[in-house]
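One chain is shown next in structure tokens, namely the form predicted alone.
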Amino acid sequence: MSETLTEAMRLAEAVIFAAAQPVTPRVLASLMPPDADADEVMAALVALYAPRGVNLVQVAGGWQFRTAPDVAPALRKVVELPRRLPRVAMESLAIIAYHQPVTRGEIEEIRGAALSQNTLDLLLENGLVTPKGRKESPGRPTLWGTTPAFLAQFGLKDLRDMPRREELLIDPAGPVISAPAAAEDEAAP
């Protein structure tokens, strides 16, 4: 391993470790020696941490250390888990994530129920949603969207990593089972 690569890895490792939020590629590039290849540096760090108790992962448009998935269950015994969001907050957050930017009225229409200010306040306090401007309609309602903290909380690089809505829908009639082609041919007059 070259001295430049080693030094760049050390710098990247230190800034990612010290940062409270995911570290963007631009920040990483600004710290690295001019002759260092950022992709090579990050690939080397990912490989270095792969077998360890923490892994280096891409989330919310940057890099962050996360507990390795295989050791996470053991940590639940000693690490206090954050409070879970109530169902109404999770439903509202999902609607915002998939329909953003969206107004409170549109959230209520999709949910089929009123949305309390307390629910929006809870999502705001947790840094999961933020105002994204105002809609050009009567009353100029606030438009809501998700934040980088939302991406980090759910381990997403960006919004394109969310499951497609179609993948989340369950057919209430159950799976469709079709007859084999030969049986259909025999039944034909």
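Residue positions are given as counts along the sequence shown, with the first one as 1. Here, rigid core means the biggest group of C-alpha atoms that superpose within 1.5 Å across both forms. Note that the coordinates shown come from a computational prediction; the quantities given were computed from them, not determined experimentally.
If you look for the form predicted together with another copy of the chain, you will not find it shown, but the lines that follow are about it.
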Check your understanding: in the model of the complex, which of the listed residues (L143, L124, A38, L31) lies with a heavy atom within 4.5 Å of another copy of the chain?
Key -> L31
Check your understanding: Is R66 one of the residues lying within 4.5 Å of another copy of the chain in the model of the complex, judged by heavy atom distances?
Key -> yes
Exercise for review: Check whether R52 has any heavy atom within 4.5 Å of a heavy atom of another copy of the chain in the model of the complex, and answer yes or no.
Suggested key: yes
Practice item. Although another copy of the chain is absent from this view, report whether A43 comes within 4.5 Å of it in the model of the complex, heavy atoms only. Key: no
Review point. Hey, in the model of the complex, does A47 get a heavy atom within 4.5 angstroms of another copy of the chain?
Key: no
Exercise for review: Just give me the residues of 8 to 29, first to last, that have a heavy atom within 4.5 Å of another copy of the chain in the model of the complex.
Suggested key: M9, R10, L11, E13, A14, V15, F17, A18
Practice item. Determine whether the C-alpha of P73 shifts by 2 Å or more between this form and the one not shown once the rigid core is superposed. Key: yes
